[in-house]
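Heads up, the chain below is alone and in the form predicted alone; it's given as structure tokens.
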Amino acid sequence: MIIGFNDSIAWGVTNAGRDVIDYYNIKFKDTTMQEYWYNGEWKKSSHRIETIKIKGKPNLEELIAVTDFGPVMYDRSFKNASTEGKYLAIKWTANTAGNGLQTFYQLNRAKNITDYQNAIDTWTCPGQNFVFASKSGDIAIKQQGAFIARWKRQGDFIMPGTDSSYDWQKIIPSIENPMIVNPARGFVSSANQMPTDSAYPYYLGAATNFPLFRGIIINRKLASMNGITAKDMQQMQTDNYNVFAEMARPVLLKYIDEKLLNVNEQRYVSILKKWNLKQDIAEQGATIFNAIWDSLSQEVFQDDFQKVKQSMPWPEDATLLQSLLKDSVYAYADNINTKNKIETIQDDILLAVKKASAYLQQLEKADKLNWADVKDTRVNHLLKIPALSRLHLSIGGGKNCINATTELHGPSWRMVVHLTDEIEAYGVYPGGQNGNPGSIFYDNFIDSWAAGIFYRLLFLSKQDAEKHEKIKWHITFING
């Protein structure tokens, strides 16, 4: 098991989000990619052929050149504005052999915190936050992986590949990876938030995105809870409170001049004011808030992005919120396409409300103003075939909620483990007990998953399993 428990411990993982990939601009002698300039001389590259089979057509064969930095991922045959004319080699910790299976083999058999630490120390890629609890009362979390000891800003952009000066110098020792054991506050948590404070000596990388808001609400809730039960934790995992909206709504309302709005626009603002900040199934305030915020983001940034030729990541919601909280005179508020006017954040928010309201009116006419209807969550079959998928699920949540269920993504395995003398564990996943679409058990857990219902997990010793009423049959293997 990758996430699970045994008779002594329980553990889980979230993605560390650390930057472990770099690109190097390689200078080849010619288009054959046989030699590249490295440390003052031409050096031979190695090659391999990747064969891609295409139904009804001849195989496609790609020549991959391999350098000291790694394989050339983008060459001059790749047509993209940001890589045009370049040979970019990728260096990635996953290209180095690891011993990851050993981690989970040992975790499945671990009895205490020492076993847990020994197990995860073998893990290299991708970086994970390993949370841990034991029957003996220890709790811990460690961000573990092969992380690069970077100098500040190393790897933020494509680096020169003509010598070794920009190459990785070393991997951070495992003992120096972020970890906390038995903190005084009585809990550990991870929702992919930043794992360290500013005192941590290593550069985490600008390519890393550490979302803030789920971690904030999780820590707030855990800090205020006492005598916590398994039921409390189940309810917490499916909590739809939007702490980002808690911070952003006052900013919006501060700058909205309702005298400049029509009747419908004022009505939507009124609903926004009264909203309980929960993205529950029937909440219209959640729809209104997200529509206005998305419109505001477009008003602020779209004019600037239209001028950018290369592909650029859209700014995070937290970036815009932090900027608005810090300074009402925000440079990006000005629309660079309007030559004789300097727009303010008040102008942008007014336009955002008006454009969002036009969209909201369309939703209202279609009777789809409720949050679940707008989000329209679905669980896709791996082949993306609609008939094998479950569409239009009625479920709340969203990207800034503990219940981080969006249109296409969400928690694929919910689990709560109570480490009592007799293990008390619960779980549910968005699927079923049978892979046959014709079976009534094909998707029999999805409705329970959407409703936040957990099942008690059957956890038995070998001796108990032999006589338990729910064990219907056994398989015995003879001669291997």
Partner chain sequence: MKIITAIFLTGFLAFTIGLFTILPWWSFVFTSFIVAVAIHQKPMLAFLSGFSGLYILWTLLAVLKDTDNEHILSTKVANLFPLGGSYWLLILITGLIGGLVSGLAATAGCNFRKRSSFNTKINK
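Everything numeric in this text was worked out from a predicted model, so none of it was measured. Residue numbers count along the first chain shown, from 1.
Form predicted together with the partner chain: not shown, discussed below.
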In the model of the complex, the one of Leu101, Ala223, Val329, Ala387 near the partner chain [non-hydrogen atom within 4.5 angstroms]: Ala387
query: If you check Trp42, Trp413, Tyr442, Tyr455 against the partner chain in the model of the complex, which one has a heavy atom within 4.5 Å?
result: Tyr442
- line: Answer among 32-40, 413-421, 434-442, 58-66 for heavy atoms within 4.5 Å of the partner chain in the model of the complex: the stretch 434-442
